[in-house]
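First comes one chain, alone, set out as structure tokens in the form predicted on its own.
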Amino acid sequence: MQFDTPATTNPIDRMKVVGKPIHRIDGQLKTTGRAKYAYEWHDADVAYAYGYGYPVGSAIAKGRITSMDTSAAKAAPGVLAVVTTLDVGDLKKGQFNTANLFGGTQIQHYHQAIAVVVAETFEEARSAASLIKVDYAEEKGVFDLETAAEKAVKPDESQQPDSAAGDFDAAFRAAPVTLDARYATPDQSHAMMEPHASIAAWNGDEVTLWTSSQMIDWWRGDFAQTLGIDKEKVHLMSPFIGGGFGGKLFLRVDAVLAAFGAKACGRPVKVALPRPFIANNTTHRPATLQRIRIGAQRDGKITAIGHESWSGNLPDGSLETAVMQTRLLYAGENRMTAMRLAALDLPEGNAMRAPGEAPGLMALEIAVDEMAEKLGIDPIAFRIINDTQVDPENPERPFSHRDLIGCLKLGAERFGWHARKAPAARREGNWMIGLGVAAAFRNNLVLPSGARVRLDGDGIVTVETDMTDIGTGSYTIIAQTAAEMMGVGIDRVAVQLGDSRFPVSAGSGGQFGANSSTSGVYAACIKLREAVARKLGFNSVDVIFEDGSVRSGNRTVPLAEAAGADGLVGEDTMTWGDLTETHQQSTFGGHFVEVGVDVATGETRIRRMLAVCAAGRILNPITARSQMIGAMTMGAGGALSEELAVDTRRGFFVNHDLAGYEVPVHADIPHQEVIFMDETDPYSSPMKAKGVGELGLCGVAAAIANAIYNATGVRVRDYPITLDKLIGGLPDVA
């Protein structure tokens, strides 16, 4: 099915199941430990014979291996096999990988995998791995973005590095009120709870891989390409994932090492990456340096807006697209954006929750507050003045639906924005109190997504798709979609996910998973409804599915009877027309934060948070709220503590574990409130939904930064906002 015209009334609009606050159908499995994650998988045929693999990473950041001595490791107790990067030689790189995962002598970054040791136990493998001796020819690398930015280049046009409309330079010079400021965001780690982990088992020339993957088909293709085997020889399964945040979008080396280890020792092999590897071997969100210039009339109308960003990556890597939201969020006739890429020899930079918009809004939404202050206009009023219902760079292209103003107004009312005072004007004992706001923005992305839906003789509806659930609630909203479409209760729906034998779905990432995958299920259910109607001799146009039966005119037949002993199947893939080209599809919101800053120490405490979101139809308010508050928590970490510290001499991230990389804990997070605007977007999909998983992060850090400024009068433009950046500007303690 192709979605190429705006949705009209369809079965989803009944909202008997979709849109209801249904608890996760996989919740009991997870809370009782029966949901098997990648490293825990136990197959009856192989559970007795696992080998345990432990990876060895490069001790240098750039250069080549000249020799490896594995004799001591091979002679160590319990060792079954040792496979080195020299043994396998040069391997093809996957389509979605920037760095080579394994194979050959070249070292592109610190902790690049160079060997795997397989033993009878994890402890024996780890011990033996420490015995491998490696000689390197080390080369000088570049590890500091600020230095490398001086030689940054404009990447190819496929990355859309620049945009322009009007005459920015002239308009900025002519503007009576201007802002020209620089901001910085650090490298960040995904820091998900479940490490990257895989089990590989060979059967002849075919391999089965249990892994932790957000994108089954992407992984399957790159895994086959890296190993040099036919994609059809790979069976990949990832039914449960303990968090990804983009770090598991692309094939990772645990899968490759497990496969080589299993081939070498002749038994299934488990490999889990140690926590330091997650920071230095996999991917991360790259740091950015940003410059924002805004010019406005004294009435607050923006006449010029420019946003430039510099980020770093390995050669052939991609940009951190930090200017993308600035192209769409606010009006302004004269505008420019530009992104430049510096070559760094750090681990690969790539997607992390809300790539582009998350770090971009960390800067832009501070700049907007700073400009509002220069103009003497309330920050919310300034944003409303500069709202736009069309693409500012292409005014003939309207937004499909945009209610940023509604989010800001409702949020201001619910949060008590009227009580906000001038900077450093509100005190409660030692605590300086401030309120902050920021707009939230994230584009609505969709990808082709397929599903197969079965109806059996008992009236049970079973959905099969390779869609993944990374903690987002995919199982539940897919079940709700099938239940709504087939007119059954959710207890009559079974959902099977994360298996490459199932139709290829959109996968999980980019805020596209929920809308795309449920649309794929919608398309498959249409096929199944047609099959039911055809078998019964009903007119598929006027047939009604409800209460476990199918009705046409005055004839009603139970679904179980319609299915018969052999059952019925519907399968289809939702593809997308050009509606995203004719109409800009985005999600919007307003983030509101209250903080307290200790006047003596500079310690910051978040006191309350509110997010108001306009994101199309909300498929399940429980799972959507969970996505929002999790993202808000991540935003708090980005504002106050999260930073991968770079050793600019040796080229690695020093704080590469959860002891040194400080994510928020329960004590850091106060009451969080989430409000969803009651809306649909028929241009988005037949579900009329969009996504919230990344919108909830976008703008949070800036709202916290703005609240800190309102509390203290100290403006920090370099994240994270740690107390050392505040304390020098705080008032003297009486």
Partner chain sequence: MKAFTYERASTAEAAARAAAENPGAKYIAGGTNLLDLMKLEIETPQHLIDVNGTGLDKIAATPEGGLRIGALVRNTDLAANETVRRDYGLLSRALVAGASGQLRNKATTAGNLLQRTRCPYFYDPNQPCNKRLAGSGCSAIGGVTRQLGVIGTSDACIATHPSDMAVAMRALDAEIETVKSDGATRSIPIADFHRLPGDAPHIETALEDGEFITAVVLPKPIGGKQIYRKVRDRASYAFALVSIAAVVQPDGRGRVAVGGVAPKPWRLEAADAELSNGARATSGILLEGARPTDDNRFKIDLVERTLGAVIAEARG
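The model shown is predicted, which means the values in this text are computed figures rather than measured ones. Numbering follows the first chain given and starts at 1.
Only in words, not in the display: the form predicted together with the partner chain, which the text now covers.
- Remark: of stretches 288-296, 647-655, 560-568, 326-334, the one touching the partner chain in the model of the complex is 647-655 (heavy atom within 4.5 Å).
- Screening Asp217, Glu464, Asp598, Glu308 for any heavy atom within 4.5 Å of the partner chain in the model of the complex leaves a single hit, Asp598.
- Distance criterion of 4.5 Å from any heavy atom to the partner chain in the model of the complex singles out Tyr110 from the list Tyr475, Tyr110, Phe240, Tyr183.
- Shown alone here, Asp87 lies farther than 4.5 Å from the partner chain in the model of the complex, counting heavy atoms only.
- Looking at Asp732, you'd find a heavy atom of it within 4.5 angstroms of the partner chain in the model of the complex.
- Taking non-hydrogen atoms only, Asp668 approaches the partner chain to within 4.5 angstroms in the model of the complex.
- Although the partner is absent here, Val541 lies well away from the partner chain in the model of the complex, with no heavy atom inside 4.5 Å.
- Along 698-732, a non-hydrogen atom within 4.5 Å of the partner chain in the model of the complex is carried by Thr722, Leu723, Asp724, Ile727, Leu730, Pro731, Asp732, in order along the sequence.
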